[in-house]
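Read the single chain below, which is given as structure tokens and is the form predicted on its own.
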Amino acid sequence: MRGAVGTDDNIQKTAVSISARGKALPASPIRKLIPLAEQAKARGIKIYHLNIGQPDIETPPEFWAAVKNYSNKVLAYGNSQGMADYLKKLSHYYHRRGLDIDPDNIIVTTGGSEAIIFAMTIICEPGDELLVFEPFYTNYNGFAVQAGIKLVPLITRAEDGFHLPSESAIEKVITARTRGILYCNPNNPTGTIYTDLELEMLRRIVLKHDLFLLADEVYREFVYEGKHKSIMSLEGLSDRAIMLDSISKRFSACGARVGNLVTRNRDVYQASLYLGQARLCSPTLEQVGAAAAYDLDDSYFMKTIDEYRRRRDVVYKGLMQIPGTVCINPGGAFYIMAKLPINDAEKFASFLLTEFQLNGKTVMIAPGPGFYATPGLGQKECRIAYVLNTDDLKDAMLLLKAGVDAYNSKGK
């Protein structure tokens, strides 16, 4: 007797579900307002984008020329560590910055994002903890979820220029599951440059508690006041310092997706290489372009930094024209984290895109809460990326002031 054949109608179905990790992935607070921005543009509103760190400075022509003149007939896989010529150029660049970093201390990654994920994955077991200082680069949240680890936030305050908390406050949250401390210097989103004393404090803590120290240094060149000190210049950390870097901001090449991880710890290096082998290689043509960009002398950076300093000054002056704003002029990167006289940054950011316009224009900002891990923080704060020319920024700051007034007058 032939067996009965089941049909879709009589087979009992159960719902499939994605993983807890998949469910925990956060939306980008920087990008989630894009639908509202697109709707505003469809209504004919001009938007000044202050919400995302996409520079308008042109990518160096040397980058494009090197890509255009790439002569190989086959675009083949590259070395998992990175292309040999590019590794040499990176090493030479770091030596120019006074850092003794050789090619075999470097793993080229697919953007700085992959460098961070590599580091988190290598030093932490699932469920382990990394200390971070909030507000912090919002994508650290997503990277931590991918790595299966927990970020333990320590609060910094606008009134203090977002400088680090005390040594005792940091040590208080260290547990048996703490594996390291992650910081960004110059900082995204605050623009703060940490002092030598602050970095020395972190050095003492990681040595005392046998932790790794991870430094996101993608904004190294963007220093207007003070001085940047690299993690790789701190003494006694050869087995625990991991530097995370990228060409995205340095050469205004965000879409190239070329970053790198730097370490003198051979176990970390080897594990990074194996992760690199698992994804085969980072982009070849972009490494060719980046290698050419690293041939630029320091006059390129000086010109760029002068332009960003002017932009920062315009934005800071504009913020100071808004009564009740709390903001200390930042020393680096190209962001300002400001506490505005508003009650809800998320609602305010939406209001600017849905209800406010002046002379057919408005601004788009990044709401503060997305840069925190602690619920309820950043409610009155926003991050402003000064990546537009000074004339546009002057107009944008007038619009922001008018937007604050309009928002508060409506009793939002």
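In this text, residue numbers run from 1 along the sequence as written. These figures come from a predicted structure and were not determined experimentally.
Below, we turn to the form predicted in complex with another copy of the chain, even though it does not appear here.
Query raised in the report: Is Tyr137 a contact residue for another copy of the chain in the model of the complex, using a 4.5 Å heavy atom cut-off?
Result: Looking in the model of the complex, residue contacts with another copy of the chain include Tyr137, since a heavy atom lies within 4.5 Å.
Query raised in the report: Taking the shortest heavy atom distance, is Pro55 within 4.5 Å of another copy of the chain in the model of the complex?
Result: Result yes; Pro55 sits at the interface with another copy of the chain in the model of the complex.
Query raised in the report: Could you tell me if Ser28 has a non-hydrogen atom within 4.5 Å of another copy of the chain in the model of the complex?
Result: Because a heavy atom of Ser28 falls inside 4.5 Å of another copy of the chain in the model of the complex, the answer is yes.
Query raised in the report: Would Glu286 sit within 4.5 Å of another copy of the chain in the model of the complex, counting heavy atoms only?
Result: Glu286: contacts another copy of the chain in the model of the complex.
Requested in this report: Among 84-92, 113-121, 223-231, 304-312, mark the stretch whose residues have heavy atoms within 4.5 Å of another copy of the chain in the model of the complex.
Outcome: Among the candidates, contact is made by 113-121.
Query - Listed residue that, although another copy of the chain is not shown, lies within 4.5 Å of it in the model of the complex (heavy atoms), from Asp160, Asp298, Asp104, Glu125 - result: Contact with another copy of the chain in the model of the complex is made by Glu125 alone.
Query raised in the report: Just one of Leu197, Met320, Val173, Leu280 has a heavy atom within 4.5 Å of another copy of the chain in the model of the complex. Which one?
Result: Partner contact (heavy atom, 4.5 Å) among the options: Leu280.
Query - Within 4.5 Å of another copy of the chain in the model of the complex, all of Pro165, Arg264 and Ala291 (non-hydrogen atom) - result: No, because Pro165, Arg264 and Ala291 lack any heavy atom that approaches another copy of the chain to within 4.5 Å in the model of the complex.
Query raised in the report: Across 136-152, which residues bring a heavy atom to within 4.5 Å of another copy of the chain in the model of the complex?
Result: Counting only heavy atoms within 4.5 Å of another copy of the chain in the model of the complex, the contacting residues of 136-152 are Tyr137, Asn139, Gly142, Phe143, Gln146, Ala147, Ile149.
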